[in-house]
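Consider the single chain below, provided in structure tokens and representing the form predicted on its own.
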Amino acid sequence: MELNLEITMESGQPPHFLWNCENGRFWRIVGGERRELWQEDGKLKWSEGFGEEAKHLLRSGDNLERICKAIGTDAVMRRAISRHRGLRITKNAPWETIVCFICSINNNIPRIRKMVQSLMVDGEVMPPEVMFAADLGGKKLGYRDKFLKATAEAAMSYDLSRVGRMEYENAKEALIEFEGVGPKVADCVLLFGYGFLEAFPVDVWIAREMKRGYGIEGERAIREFAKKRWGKFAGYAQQYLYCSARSR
């Protein structure tokens, strides 16, 4: 599996907010046990018993070479791929992905991480029923507090797994029904929580990068361009562009 673990885990995807890093090893508590991921001589290593979960998280079935060849059809994208070779899209639990990206609204990565970490108990994001009942007032979430509460309440009576069985457009419409989930957050959740690789989240970083690299402005025009140019792998294209924008 082609992989740069550090780039992948620290690229603004959910692991950036959910996982910790010590001495080159990424870890979090799962089911009351510490799970670790690291690389040695380019090979992925994991703590005992965590292999299948690690492969799921890192989408081991994605042929990164083929994907990069498919999206690397212009100089802008080829440079982005070259700078961040081994970057993979991750697959995360839908609920924790929703929480991460509601916290991301008008926010920066250090603060998003701090907020998400404050919403975790024993290494796991509070489930909807716990979050709805919890006092979030001291967690410095700002207006995101009410979004999280409302979304937690709605999720208590909604089977989130249904979204993954829908077509992309219908899945996006379903997520936007949750308070605080707009088009950008919905696309992030679809990409990183449900594995819809055609999703192309548009935030301020992507808007700037699309204008700089392709001369495209406006959310609708950007989405149409991405759909036509990168199609079923638009999510990978977005992540390479996002990391390039941040690295500058």
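A residue's number is simply how far along the shown sequence it sits, counting from 1. Not measured: the values here are computed from a predicted model.
Separately, the form predicted together with the DNA exists; it is not shown, and the next lines address it.
At a distance threshold of 4.5 angstroms between non-hydrogen atoms, residue 105 is in contact with the DNA in the predicted bound form. Taking non-hydrogen atoms only, residue 83 never approaches the DNA to within 4.5 angstroms in the predicted bound form. A residue is said to contact a partner when one of its heavy atoms sits within 4.5 Å of a partner heavy atom; residue 205 meets this definition for the DNA in the predicted bound form. In the predicted bound form, the DNA stays beyond 4.5 Å of every heavy atom belonging to residue 130.
Between the options 53, 62, 198, 179, the residue in contact with the DNA in the predicted bound form by a heavy atom within 4.5 angstroms is 179.
For the candidate set 42, 183, 49, 31, a heavy atom within 4.5 Å of the DNA in the predicted bound form is found for exactly one residue, namely 183. Of the stretches 121 to 129, 156 to 164, 142 to 150, 74 to 82, only 142 to 150 has residues with a heavy atom within 4.5 Å of the DNA in the predicted bound form. For a residue to qualify, one of its non-hydrogen atoms must sit within 4.5 Å of the DNA in the predicted bound form; all three of 220, 238 and 246 qualify. Of all the residues from 65 to 80, none has a non-hydrogen atom no more than 4.5 Å from the DNA in the predicted bound form.
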